[in-house]
Structures are given as structure tokens and as C-alpha cells.
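To begin, one chain is listed below as C-alpha cells, in the form predicted on its own.
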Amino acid sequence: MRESIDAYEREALAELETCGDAAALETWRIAHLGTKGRLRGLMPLVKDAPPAERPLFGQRLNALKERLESAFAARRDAVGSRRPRPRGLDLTEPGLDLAPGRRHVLTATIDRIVEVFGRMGFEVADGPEIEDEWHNFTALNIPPGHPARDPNDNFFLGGQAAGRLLLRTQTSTVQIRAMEARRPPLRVVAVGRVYRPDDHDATHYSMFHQVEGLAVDRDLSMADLKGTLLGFARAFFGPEAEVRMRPSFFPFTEPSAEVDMRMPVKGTWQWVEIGGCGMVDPAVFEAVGVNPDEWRGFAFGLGIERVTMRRHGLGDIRRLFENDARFLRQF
């Protein structure tokens, strides 16, 4: 039996030496190392050996397998190194120039927004896109039964960890996590994706981006909030930019306001609604263990797609997510 294995090894290696191209090598590999190859066919010989000699035969077959695999790899490398160079190939010819890359228009807008608020003393904060009801609703003073919790207006994922899980509907969740992690005073700005089950059309998309700002300190007021937004508007859009605030309602701020900014749109200055703002509601402070009698804060949320579209004169939000290189090269 040992002689049979030795004879097969010599035969297989001799046959391998005659393989001169990739096709012949592959035929040899299938014939000898494949799942139905000759090496696999030797395995039953181990059962036919005397019990005391079976371990030795098993070791011999394993060594043979490694020897054939090593010889095959070496032969394959040798054959590959002799591969003839294709005719007409000029290795000195310069390659094709790659088109210059650039940041996506949304990414460029986000980077610019973060840079402006960074100069104003805001640190960047982050939070998960999969949230629980506590951070997305309860801590933001949105009680059970509120229309904002309607399953038709949210992407609920199920699960019972700290309440049902969902894709966050606003970056306001980050202000809750920031106040849970740090004690006041603080100034943070968070940028990220949010999700709402809207039908896709020219002005709606089920995923979009928001920037959320939060400042907590003693003696802050609506004047500080408007001054911050005005400073951002003039740094981002130019010295002629203006801000106006219209009374509104949000559960997590009191008082609350809609924010309009006067920005250049296709060469003319226009008023554009870009988000909401207000003073942090005392109930939100209490939810995260901050004393509302000692601390005051303001928060604002701006829609990044809205800013990008109006600033560049775009009429369809869907163009921002199609990844059409011809469209993106305009910016």
C-alpha cells in the first residue's frame, strides 16, 4: 500500500511538469486535487490498512496532499512568469487621466455649516440613527398619544430596549444625549440623517439631513438665539443675509419660532424658510436632570437640503440622491 502511494506521487509530479499553460494546470488540478480527484480516491486505503498502521497512512496521505498543492502552486507561478507579453503593448505609454474628484454638494454644505458654527464656539456632537422612544419623543416633551408618534409618520423597527426602536425623525435626539453625557454649560451642533415615511416628490424625501444646535448656559435669551442665527446667516450667505422669526409651536421649545433666512437664490435675495428654533422647554431639562431654575438654553434645527436647494437654485430634492455625475459636476 505504501508503494502504491509513492508510485502515485511520482506519477502526479511527473505529469505536473508537462503542464505548460493555465488550461493544462487546471486540468491537472481537477484530476488530482479536485473533490473527485485521484488523491481523494486514495482515502479508502486508510480503512484497509491494519489498525496499528492507519495513523501512519493518514499522515502519509496528508503529507502527499501538501506536497502536491505546493508543487502545483510553484508550477503555476513558473508558467505565469513565462506568459508572453501581448503584442502591441507599450509599457511606456501614459495611462488615461482620471477625472478630478470632488465632494458631494450636500457634503460640502455640511462641512461649511459645521465650520461656521465651530468658529462660534459650538462643538460637534453625534448620536445613533436608530433611536428609542425615550430620546426621540419622551425626553423631548412629546407625550404618548401625540400625533408625532403615529406609526404612519415613523419608521418603527420593533424591539423593547428602552421602548420601541425607530429610525430617528429629528436630530433633536442628539441634544438629549449631549445633556445626558455632559453637565452645562455647553454648546453643541449635530449634523446627520433623519427619516420620515414621506412619498418622494420634488420637495419630499424619506431620508434627509438636519443640523441641530443647542446652547445651555445661565441667562440665555431669545436675543442670544437670534444673534446666533444671524451670525451664521451672514457668515454662510454673505453680509446682506437677514434672519426673521415667526411664532410657532414645538413640544421641546417654549417659546418657539419658525426661522426664515434671506439668502441669494439665482442671483437675487429671497426669504427662505429653513427650520425651527426656540428656548429649551423646562420639561426637557427636567427629563435629563438639569435644573431649569438655574440653566436656560436655546435650540435650533435647520434643513440642509432646503438650504442647499435654494442656495443653488435646485427644484427637485431627488437630484441630490441620484448620484448622477453630470449633475454633481456642476458644484
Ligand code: DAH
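When you see a residue number, it is the position in the sequence shown, counting from 1. Here the structure is a predicted model, which means the values were calculated and not measured.
Absent from the display: the form predicted together with 3,4-dihydroxyphenylalanine (DAH). The rest refers to it.
Contact annotation for the candidate site: 107, 236 and 308 all lie away from 3,4-dihydroxyphenylalanine (DAH) in the predicted complex (no heavy atom within 4.5 Å).
Contact between residue 196 and 3,4-dihydroxyphenylalanine (DAH) in the predicted complex is found at the 4.5 Å heavy atom cutoff. Not displayed here, 3,4-dihydroxyphenylalanine (DAH) is kept clear of residue 117 by more than 4.5 Å at the level of heavy atoms in the predicted complex. Although the partner is absent here, residue 212 sits close enough that one of its heavy atoms falls within 4.5 Å of 3,4-dihydroxyphenylalanine (DAH) in the predicted complex.
Though the partner is left out of this view, residue 170 does reach within 4.5 Å of 3,4-dihydroxyphenylalanine (DAH) in the predicted complex, counting heavy atoms only. This chain is displayed without 3,4-dihydroxyphenylalanine (DAH), yet in the predicted complex the stretch 248-256 from 199-207, 228-236, 123-131, 248-256 comes within 4.5 Å of it by heavy atoms. Residues of 101-119 placing a heavy atom within 4.5 Å of 3,4-dihydroxyphenylalanine (DAH) in the predicted complex: none.
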